[in-house]
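Starting off, we have a lone chain in the form predicted on its own, written out as structure tokens.
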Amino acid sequence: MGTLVWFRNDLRLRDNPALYHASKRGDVVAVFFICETQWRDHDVGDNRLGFLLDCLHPLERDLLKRGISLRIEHVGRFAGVPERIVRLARSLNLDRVAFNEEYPLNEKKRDSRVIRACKTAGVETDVYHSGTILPPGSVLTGNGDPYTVFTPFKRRWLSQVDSSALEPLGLPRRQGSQTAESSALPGSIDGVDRARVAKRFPGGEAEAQRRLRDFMQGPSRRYASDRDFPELDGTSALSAYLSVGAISPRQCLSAAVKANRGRIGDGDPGICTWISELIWRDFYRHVIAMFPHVSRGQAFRPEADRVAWRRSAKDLAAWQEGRTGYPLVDAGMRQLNETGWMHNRLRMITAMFLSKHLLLDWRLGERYFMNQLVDGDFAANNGGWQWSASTGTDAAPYFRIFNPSTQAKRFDPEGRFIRRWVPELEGAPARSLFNPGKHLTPGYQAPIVDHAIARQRALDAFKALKN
């Protein structure tokens, strides 16, 4: 007898609890379910599908080296997974199914159905924690409630994390009692092939580890100062790999702590700032797990669902296409559309522009980002959008409305990033970049909204909630 290890967003061999412990127990067969229809319903876009496929190929190759076969199953929707898992386990004479936990509502319901179906069929299930550093439900207030504000969550998180338990799990035991067979990995998923993003984001665990090493060897020390400047190569560029689990958050934290001489809460400012981002990642996953209404498309703060959002297909299209007349907003959106990735500072600026300047429903932007991002991740994307729109946990106060011109002058002071992505401004003087509309450049869009007017409109909309 043996174990069927079900891969999901954990496409790696190292520090994979389900795979590691199953391999210690006995024979292992791995399976991955391709659910194109369900993924599209969840707004997963072509860039992430292409990246996912490009990660499956090295995963299969690495598994075969350990004597483990990877089965690929097509089911369309999550509803078809429980019956298929039971059937596959029985056909392979496996008595257990092992997988790592996921936290969004539909995924949790799917997993519950799998556990029930397996129990009925006499197949045991082993569920492991893997997607966060500390599991949801483990970081609570003194009253036993989940945190809704990041700073106290971080303090409690730091007081609970055990540095001695951070060492990631190693490779799974090599299988010797079976002959591993290569499966027929699809050439495309829902018409999207692996070449779509492979040039910028080569898939796989080895590439993720290389990026982590490179980041720790230098850029991590400058992260606190460089991370907000989109023209600089100042981030780890690991978000896509974390989103599909080609690397684990524990591996990232372990590397950071080692580079920080064993310290977590203090030490090198750059590394500490990056560790704080890993804690933010945990925080948003805890929110998704502990407050299921967020997974239903609702604002975390119920009263925020009463905001009188505008409806304007024209303004939405201008934002999506990078034609707002605000150079840094347009540069960020064009970077997203061309590469499938956007610098985090620009994610905040563009998200706040849509939700505050244009007063369009944040869910329109959340959906568009998920459709474009190679690192599309529900918890992080939802958390970021609700923060920017002042509707979520620990959200920006409703009166915090980034001035895109001020942001451009501060974080792209020479206009290099803007000119790179908005070529019609290549020869424009700085005043055209930081004072949109006042020094128009031929061929560039005039601002579609006045900052002062838009700001007041947003303030009025949010103040109306108090009445």
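One rule holds for the numbers: they count along the sequence shown, beginning at 1. Computed from a predicted structure; not experimentally measured.
This next part talks about the form predicted together with a small molecule, which is not shown.
- Just one of 294, 289, 256, 380 comes within 4.5 Å of the small molecule in the predicted complex, counting any heavy atom, and that one is 380.
- In summary, among the residues 101, 277, 361, 207, the only one with a non-hydrogen atom within 4.5 Å of the small molecule in the predicted complex is 277.
- Against the small molecule in the predicted complex, the set 1, 114 and 123 makes no contact: no member has a heavy atom within 4.5 Å.
- With a 4.5 Å cutoff on heavy atoms, residue 388 counts as touching the small molecule in the predicted complex.
- For the chain shown alone, residue 373 is a contact residue for the small molecule in the predicted complex, at least one non-hydrogen atom being within 4.5 angstroms.
- Contact between residue 351 and the small molecule in the predicted complex is found at the 4.5 Å heavy atom cutoff.
- For the chain shown alone, residue 284 is a contact residue for the small molecule in the predicted complex, at least one non-hydrogen atom being within 4.5 angstroms.
- Note that among 231-239, 154-162, 294-302, 114-122, the stretch whose heavy atoms approach the small molecule to within 4.5 Å in the predicted complex is 231-239.
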